[in-house]
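Here's a solo chain for you in structure tokens, the form predicted on its own.
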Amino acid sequence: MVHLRRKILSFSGLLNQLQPNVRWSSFLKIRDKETVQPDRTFKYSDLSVRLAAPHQLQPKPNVSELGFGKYFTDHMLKVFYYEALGGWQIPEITPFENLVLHPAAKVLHYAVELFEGMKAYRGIDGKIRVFRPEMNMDRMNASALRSGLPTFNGMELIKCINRLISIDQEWVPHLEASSLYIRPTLIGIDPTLGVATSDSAMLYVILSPVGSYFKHHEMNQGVSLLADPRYTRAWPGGCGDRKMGSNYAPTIHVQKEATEKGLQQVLWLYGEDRQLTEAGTMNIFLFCINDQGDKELITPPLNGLILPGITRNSILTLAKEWNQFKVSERKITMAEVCQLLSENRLLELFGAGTACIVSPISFIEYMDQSFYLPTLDHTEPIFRTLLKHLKEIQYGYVDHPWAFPIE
């Protein structure tokens, strides 16, 4: 009995050395009204900062060389979770470094993992702003619930991320075509094999200066898509509406097939009626003249098949505020797309997401047929108006509550 007690004390001491000082918090509710279990959240007020030494600082890349996710800043944020220690431990900003994981960590075997994509923008006034971060936090907690990972207070993480950005603020590009990509990630690190809820987890955030997601000529010519009904990205009752790595790995083979055909992305279809769901990793929008002769902006509904994108939500909100055309969330099928094209009623098709913001689509290959879309044929297309308005908010041309300033 004494021997067992010593083992328990030794194990507890080891965990305390890893991440001491357990903190407590109140219950948390996320915006979709799901009740989160009362995990003991971390707090920004406990944040520990360990700055990189001069020899650890990386040279900053030329803005013209920026791609997507190729370079990373000098620091990162880490927060551990241990059920045995009462939950979340103290958050810490450290020099950017490799992670050390047990070979049996759940993330490596069962994809117990989720992530978010956010951006920080340097405005025309020199201020740095993050775009609607509270929505990313809500979505991240929703993904955590589905993954058996611990939830947290979103505002506390936003404050920690803001501190991280302020430390690495010189990595935020001084160019409007570029931004700082923010990648919060939550992984299960239990050192045990077995498909079960994670008792140990790590939340970390890394930053990457990025340029345009698509090449300049793709924005001018439009993105081309492969629509193949043999492949499905998500299905009812699945987790297509959660931002998990397991949603993305199975798409790589199909993306490769599209690339081999000279196409940029995949148009994901679902069901016997071949519903449009997403374009690559983007939400999709159709602008057309409907059966009543009115202009209508349409995007698929949040029925569990698609990701509830922050840019998607922003476009819907703006379009409804403008009240210049009908705005609908409803099913779109390939049969409808083909009919609208044949009757010259399809005006635009475009994708939307954090990485690309808004991207025009000009071509679809479907059932060995080529469909050319008139998205770029208009003098003032809707997609360009939306892109301009969103960038004005993100880069500080207009004062807007969606732009969260970094103090």
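As the structure is a computational prediction, the values presented were derived from the model and not from experiment. Counting begins at 1, following the sequence as shown.
As for the form predicted in complex with a further copy of the same chain, it is not shown, yet the points below apply to it.
S.K.: Thinking of Trp322, Leu387 and His400 as one candidate spot, does a further copy of the same chain come within 4.5 Å of a heavy atom in every one of them in the predicted bound form?
M.R.: Checked in the predicted bound form: no contact with a further copy of the same chain for any of the three.
S.K.: I need to confirm a contact call. Of Ala84, Ile124, Leu193, Ala335, which residue comes within 4.5 Å of a further copy of the same chain in the predicted bound form, counting heavy atoms only?
M.R.: Of the candidates Ala84, Ile124, Leu193, Ala335, Leu193 is the one lying within 4.5 Å of a further copy of the same chain in the predicted bound form.
S.K.: So which of Leu175, Ile167, Ala104, Leu302 reaches within 4.5 angstroms of a further copy of the same chain in the predicted bound form, heavy atom to heavy atom?
M.R.: Filtering the options by heavy-atom distance leaves Ala104.
S.K.: Heavy atoms within 4.5 Å of a further copy of the same chain in the predicted bound form: which stretch among 127-135, 323-331, 177-185, 282-290?
M.R.: Within 4.5 Å of the partner lies stretch 177-185.
S.K.: Would Asn141 sit within 4.5 Å of a further copy of the same chain in the predicted bound form, counting heavy atoms only?
M.R.: Flag for Asn141 set to no.
S.K.: I'd like to know if Asp241 sits close to a further copy of the same chain in the predicted bound form, meaning any non-hydrogen atom pair within 4.5 angstroms.
M.R.: Residue-level check for Asp241: no, no contact with a further copy of the same chain.
S.K.: State yes or no: in the predicted bound form, is some non-hydrogen atom of Lys119 no more than 4.5 angstroms from a non-hydrogen atom of a further copy of the same chain?
M.R.: No.
S.K.: Using heavy atoms and a 4.5 Å limit, would one call Gly262 a contact residue for a further copy of the same chain in the predicted bound form?
M.R.: Contact with a further copy of the same chain, no.
S.K.: Does anything in 82-102 come within 4.5 Å of a further copy of the same chain in the predicted bound form by heavy atoms, and if so which residues, in order?
M.R.: Read in sequence order, the residues that approach a further copy of the same chain (within 4.5 Å, in the predicted bound form) are Phe96, Glu97, Asn98, Leu99, Val100, Leu101, His102.
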